[in-house]
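Let us start with two forms of the same protein chain, each given on its own as structure tokens and named structure 1 and structure 2.
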Structure 1
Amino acid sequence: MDDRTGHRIVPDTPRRADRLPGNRYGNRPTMKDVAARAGVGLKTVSRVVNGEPGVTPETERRVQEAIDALGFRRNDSARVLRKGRTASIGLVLEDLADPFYGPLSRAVEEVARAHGALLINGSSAEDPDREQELVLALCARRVDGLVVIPAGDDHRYLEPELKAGVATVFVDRPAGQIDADVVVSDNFGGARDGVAHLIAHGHRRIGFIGDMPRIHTAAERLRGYRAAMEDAGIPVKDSWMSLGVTDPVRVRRAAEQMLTDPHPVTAIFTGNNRVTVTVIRVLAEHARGVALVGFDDIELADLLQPGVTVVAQDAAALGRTAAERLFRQLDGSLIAPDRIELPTRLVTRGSGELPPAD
């Protein structure tokens, strides 16, 4: 039927809620809905949902059929809050897109799952302000504990949360200006071993390209580089060292300057996986063979020609150790904060074993 304007008039149709009396469209089914459908009391439904005794098999069957039909899901929020726990932990990473953090995050999640807890994670993007915002937002949501890879060097903002009982473990880097559990790799020792490996293969002009010096891991790896050179009695030129953001443009410029210097380096030690990838691209364009050792393993490193020699740290072990430490805090079995340092290992594949070209 048309009105005088020529528009077609469609008769009103009943809304879904009108067609289906009792439908709770937009609302989750509750235990009261399950009880009504099964013809039992709320206490009976509660016993079935929570696996408690005192319900006959026939009644349990009717309740379970009602649960399945309605799509009921237990609301854990109120239940765990009554116990003083939210059964959730927060994980604050530097960059969720960084391959290094994949196995670390997965390991934390597996430990959390084994303890019946949900993992909520976020990325600080290496911004101390964003880190603080994320951490406090997680605390406001009443997470039981936190695993934090710190971006900043002042964590006194966390003191009220720690006093309130929020378990916290820092991983990969220590906390700043507070006493807290931390799980780290042996960054100093790993870097020293990697540079010593290059020295053992005849190199004396070795460049170091790393992350921003304010970052604990970058500073420790630079310290390891310097220690290895000093142990071998090799003076270090300022032009052989470059620290800054891991942006490919900055890293490429640093590598090219080292390679085109009047006395170019014959080997490069890279401070993390992102730096290593950019340096590999630069070396692929460079005619002269230059040795390379990188801190952190990278995907397909063994398939390149030559394969990439690396100082590998166990990211999964870092995450697992930190998460286990966190749940020990929650269980009340830990008293004083501790520092746990995990070893690194040198993986030789060919690039770190190239001799000096001149």
Structure 2
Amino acid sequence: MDDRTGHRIVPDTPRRADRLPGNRYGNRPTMKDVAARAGVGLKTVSRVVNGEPGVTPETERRVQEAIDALGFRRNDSARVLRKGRTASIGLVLEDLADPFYGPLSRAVEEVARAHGALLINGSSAEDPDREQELVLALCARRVDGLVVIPAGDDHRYLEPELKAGVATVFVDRPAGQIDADVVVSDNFGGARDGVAHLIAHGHRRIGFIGDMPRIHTAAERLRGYRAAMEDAGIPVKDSWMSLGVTDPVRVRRAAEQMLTDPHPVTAIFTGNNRVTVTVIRVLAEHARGVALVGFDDIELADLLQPGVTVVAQDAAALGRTAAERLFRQLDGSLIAPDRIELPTRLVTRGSGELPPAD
């Protein structure tokens, strides 16, 4: 399979999926059919199928007879259970409310579901301690694997879990101080291309407003901005770069400072979708036309005047690729950790093609 596109699911996925309980992809008997035939509740069948306690031997026998009679396939889950699997995986996000993580979460859930696994989500709110607490709480609940968007930069706390066989894939940002599977976007290249696009349209005084530099993606995108400016032989002023929290007040102040400078910027590159949305508002109130390219696509960006030119990540592909690697780890078909980088895409809509105002 080509991990860079994630288009092809691991070869055994369809075969595994249609043998798993709860599968709804074919005409095979479901747990509801088993429950109806055995004259028990769905929960009881679920307990038997998943080897959970709380079922009398007699009831278990009735359920097993129904399973056999209907040909409900439980071989895989039984084998998984013998291997001590719980058919659940954890996803640790940074912020449940950030629209960027919506498609990523859904993609992870769809892959998990295709493998008959439950997805358990939580968010770290960009707090490394909270990330560790959440990750270990999920491990304590015996998830088979973890997809982690890390807030911290030291993940040695995970080493015992990795040794214990918990599959782990880091996505969007790399793991810190441990050797782990990583799926990221080309944050450096995407930012460099976006800034080079502004330079190609005549801009030299270009501002960069991004997230806190301790965050890998923010640092990589800043590095891309610096590289593009350096490639064009443009010395960067400190006053052109503003990194910090992405709350609207901080971002608005940063943008207004760049725009009211004696030598104001003629273009701004924004480091993520949260920053872009605030800068769009500032520019909408601003008389002089200022060019804008934003990292991350945003809904309705094409309907604004001008349309917002962005460097788009494929959030769904990040989630899908990470989740597929996770299940390949669980299959034992992945030997060594790898780093997978997905390309970004420059989408030109008008704001990034405005010429310098002066």
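Here the structure is a predicted model, which means the values were calculated and not measured. Rigid core here is just the name for the largest C-alpha set that superposes within 1.5 Å across the two forms. Numbers follow structure 1, counted from its first residue as 1.
Enquirer: Looking at the two shown chains, say which is the form predicted together with another copy of the chain.
Expert: Only structure 2 matches the form predicted together with another copy of the chain.
Enquirer: So, superposing on the core, is the move of Asn50 at the CA at least 2 angstroms between structure 1 and structure 2?
Expert: Superposed on the core, Asn50 moves its C-alpha 2 Å or more between structure 1 and structure 2.
Enquirer: Using a rigid core alignment, state whether the CA of Ala35 is displaced by 2 Å or more between structure 1 and structure 2.
Expert: Comparing the forms between structure 1 and structure 2, which are aligned on their rigid core, Ala35 does shift its C-alpha by 2 Å or more.
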